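So this first bit is one chain, no partners, the form predicted on its own, shown in structure tokens.
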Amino acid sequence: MATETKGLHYDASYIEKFSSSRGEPAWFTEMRKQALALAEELPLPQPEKTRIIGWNFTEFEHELESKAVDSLNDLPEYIHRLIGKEEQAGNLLLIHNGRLAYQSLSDDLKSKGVIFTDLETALREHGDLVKKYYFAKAAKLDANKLTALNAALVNSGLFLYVPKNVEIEVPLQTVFWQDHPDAGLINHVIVVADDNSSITYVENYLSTEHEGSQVANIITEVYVGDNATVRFGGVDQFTKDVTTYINRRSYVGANGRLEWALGQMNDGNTLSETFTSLVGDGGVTDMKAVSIGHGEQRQNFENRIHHFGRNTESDMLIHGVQLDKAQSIFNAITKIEHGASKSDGEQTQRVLMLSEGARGDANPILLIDENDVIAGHAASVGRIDPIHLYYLMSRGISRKDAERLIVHGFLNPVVSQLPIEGVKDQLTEVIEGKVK
């Protein structure tokens, strides 16, 4: 599929100056320059059945003004609600226009060696540890033009590290917030749970609508050590003027467990990839994701799980709702590699159509290279069951409200999994606003 994009306004000289101004280690600066050279040669991603010709991935402002936040009470109300209960503010990062604006981590977690900070700070204070995981086993720098651009121009990010044998019961939360009319959020997140550890992490992406053209290029790497557990919640809520590329990738060790709960609620054109590698024997992943397409929005979601280890398990549940003239592609791929015997891979995709002009495609794919396994898939695209509508309307509920209630119930399997009440409430509010 043919793609095109405008040229970058940033060269190697600019990158060196930008990296130097942030005090980044030499290895990171060199990686930036290598990635820039690759970005000039590599093609854009080629998503199946989605034309991304004309999508803006390169026209943006790279260095943005940001402001520190002394008190959470000074934040806009919609962000303050997102943070939720006061105790949650004890383990929180707020990234405003790519720079750290607010940071808190409990003394208890600090004493256990937990690192929870922005990428810029982590590179200065924990450079060797970041190097161990940055574009290591999960994400690939040279996958395509956008991954290379992320490495070359990264201006925002997070580093979360949980040492061995540390189990964290309270969730940690990051809010990435941009309000510049031509912002380029080039973001890289690294979450590491070392052996025998556990963590619950939730990230939120928010933007303010402007007349400008914004870009979000996001890569997330999740590393789950042997016998470790990561519960990862994410809510993406960029406005319609933001072109979004988000690539979440993970590496799961022996008997590790990774749970995804993703609310993909962007209003603009979106290209999303979520990829889990079950490398160690006995690894488990459970993925749940919901999305709503509306207006003339174009979205492409590819959710992929690869089984490499024996006795690995995966379960994928994807629910999407399509409104107006929105078009979305949902590709689910479960691959069981040769040697991954006694593995079990299941996937379910369901797309609910609420408008005549909307389009949603669900494409389940099983790739099995081993005999002694279990695998299955289910997919459906359809409209609201008239029996359900009749049941609700027979009790005095209007058709519009009945449809709204059915959509909430349809998306609830993921919404209910989010571990922070403020985030859960905010996602429910977003869903309500879209379906009204």
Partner chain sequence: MAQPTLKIEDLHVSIEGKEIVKGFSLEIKGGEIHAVMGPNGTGKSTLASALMGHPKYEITGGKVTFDGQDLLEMEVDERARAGLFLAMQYPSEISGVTNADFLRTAINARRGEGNEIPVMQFIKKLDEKMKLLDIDEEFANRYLNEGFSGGEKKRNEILQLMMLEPKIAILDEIDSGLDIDALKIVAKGVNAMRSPEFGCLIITHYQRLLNYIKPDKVHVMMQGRIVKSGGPELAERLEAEGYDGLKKELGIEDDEVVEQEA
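These numbers come from a predicted model, not from an experiment. Numbering follows the first chain given and starts at 1.
Keep in mind that the form predicted in complex with its partner chain is missing from the display, and what follows is about it.
For the candidate set 383, 399, 51, 67, a heavy atom within 4.5 Å of its partner chain in the predicted bound form is found for exactly one residue, namely 399. Contact with its partner chain in the predicted bound form, judged by any heavy atom within 4.5 Å, is made by just one of 368, 392, 31, 44: 392.
Note on the interface: of 56-64, 374-382, 399-407, 31-39, the segment with non-hydrogen atoms within 4.5 angstroms of its partner chain in the predicted bound form is 399-407. Residue 387 belongs to the set of residues with a heavy atom inside 4.5 Å of its partner chain in the predicted bound form. Of the heavy atoms in residue 416, some are within 4.5 Å of its partner chain in the predicted bound form. Within this chain, residue 412 lines the site of its partner chain in the predicted bound form, having a heavy atom no more than 4.5 Å away.
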